[in-house]
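In structure tokens, the next block holds one chain alone, the form predicted alone.
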């Protein structure tokens, strides 16, 4: 009997997946394919339909997420592709504290009568299940951005699929290292590749993964027609970033746990949101099915919104900027953005913890917290 291929772990997959075939003098890395035009007779046909560098990136993400993958020009382009495949009037159930861009898009589509949307507290399992009646799509973001609420993914996916409801999961904060929604039965997984997968704050990309051939074809057609394709150079950079993704994510997550613990004891912090803390309301739910707690910490400052802004402006190592998932630490007061959910506290600061020395980061945080007084 032939032996089965070993099931490699994510740390190995991140380094090995999406490489060129091995042969004498073969390249170790996938080259950048700068082509808009292809000779007739092959599977690509045209530069908007495919690219060898995209394919290598998609193979790597597919190996991590466990489903065939498409890359897009941004995370929002990937999300828009999902919504574009729904019929007019479709009902979507989504988190009331999700990523502001998604909430804004859903609100815009709803106002145009293209969909109906029901926003719910995604961490309230009973509320989500009650909202599923007549739904076409359950859009789950977990943990949520920026409040770090955790959805009971196994339960929600199981119940939604028992009602033939499409389930899509934004896996950007958790990543495939912490949870694999497709293995739980979800139909689609979205990643903002911009963030942890690429990891160097230098490109904007998104991806969708699925095990459903019909869904894959619909999403691929949406990419072809809408033109939301990634650039080859950006795809190559993202693929290079994936090679160190597990190492970066582990270090950043360890730093986040330590900083969340210290912040929870600081007199100028009124609340810390991090599911890794045993005192966090989301902890035991997250611990039941997640393999870790990620590298985002949100906390509320004991002062005004202006004082919280002053905190973010006063750091020397941590950069005051929007985005997350890079090797460098970033933070911002999320309500400085008009499109942020009104349910997010005015003084909530989202800290994307990077890979710097944790004690250097803490000294920087302590100094900035005092500067906000």
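Residue numbers count along the first chain shown, from 1. None of the values given here were measured: they were computed from a predicted structure.
The protein also exists as the form predicted together with a small molecule; that form is not presented, and the subsequent description refers to it.
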query: Residue 119 within 4.5 Å of the small molecule in the predicted complex, heavy atoms; finding: no
query: Residue 99, heavy atom within 4.5 angstroms of the small molecule in the predicted complex; finding: yes
query: The small molecule contact at residue 248 in the predicted complex, heavy atom, 4.5 Å; finding: no
query: Contact of residue 234 with the small molecule in the predicted complex (heavy atom, 4.5 Å); finding: no
query: Selected contact from 92, 79, 166, 263, since only one has a non-hydrogen atom within 4.5 angstroms of the small molecule in the predicted complex; finding: 79
query: Single option in 280, 141, 123, 187 placed near the small molecule in the predicted complex, where near means a heavy atom within 4.5 Å; finding: 141
query: Complete contact of 145, 172 and 324 with the small molecule in the predicted complex (any heavy atom, 4.5 Å); finding: yes
query: Which of 237-245, 81-89, 130-138, 197-205 sits within 4.5 Å of the small molecule in the predicted complex, heavy atom basis; finding: 197-205
